[in-house]
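Only one chain is given next, in structure tokens, and it is the form predicted alone.
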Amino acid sequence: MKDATHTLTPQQLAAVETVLARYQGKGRSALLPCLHEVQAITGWLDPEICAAIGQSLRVPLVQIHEVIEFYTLFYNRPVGRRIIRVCDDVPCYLAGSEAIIRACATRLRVDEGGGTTEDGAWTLEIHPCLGRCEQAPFLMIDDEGYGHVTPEQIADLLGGKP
């Protein structure tokens, strides 16, 4: 794993190796927690890291990719250090999520369909449902949720990002 597709610091590499050692041989039942822990260290799950996970768990690589592709919170491509997820399902859309998405995209200078800022600081994701219809429009920044958001709040929520 020393030639990982994206460069890992020695500390990240050691942390990943520790996680893999802890899950060694535990099979598919350990796949989700292992993926979560490794992604928390590396930011995303590149092909070499996936191969190392498969080898450690003794899980076929195809099954690892099936899980990564199924769950929207796993990434097989680089994403920003911070992620803003905006719900655009029917309740949020009717409550104004389109304007929230536009405000986020404008503030971050990314496409309204989502994307990562040039400096890699932020990724904007549009989600079909974040499970908070009663707080529409709803968004999440990293793991923190914000309900009844207005476009005017976006600058403050993004921490003054120009």
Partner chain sequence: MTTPSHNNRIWITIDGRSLQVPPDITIREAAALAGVEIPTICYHDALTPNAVCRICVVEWRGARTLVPACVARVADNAIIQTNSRRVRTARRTLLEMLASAVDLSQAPEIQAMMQEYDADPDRFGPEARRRETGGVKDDNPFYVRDYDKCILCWRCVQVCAEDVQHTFALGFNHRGFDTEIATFFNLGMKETTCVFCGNCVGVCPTGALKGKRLYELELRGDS
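Since this is a predicted model, take the numbers as computed values, not measurements. Numbering follows the first chain given and starts at 1.
One more form of this protein exists, namely the form predicted together with its partner chain; it is left out here, but the text below deals with it.
Chemist: Applying a 4.5 Å heavy atom distance criterion, does residue 63 contact its partner chain in the model of the complex?
Modeler: Flag for residue 63 set to yes.
Chemist: Report whether the minimum heavy atom distance between residue 47 and its partner chain in the model of the complex is within 4.5 Å.
Modeler: Judged by the heavy-atom cut-off of 4.5 Å, residue 47 is in contact with its partner chain in the model of the complex.
Chemist: According to a 4.5 angstroms non-hydrogen atom cut-off, is residue 121 in contact with its partner chain in the model of the complex?
Modeler: Contact with its partner chain, no.
Chemist: Classify residue 111 as contacting or not contacting its partner chain in the model of the complex by the rule of any non-hydrogen atom within 4.5 angstroms, answering yes or no.
Modeler: Residue 111: no, not in contact with its partner chain in the model of the complex.
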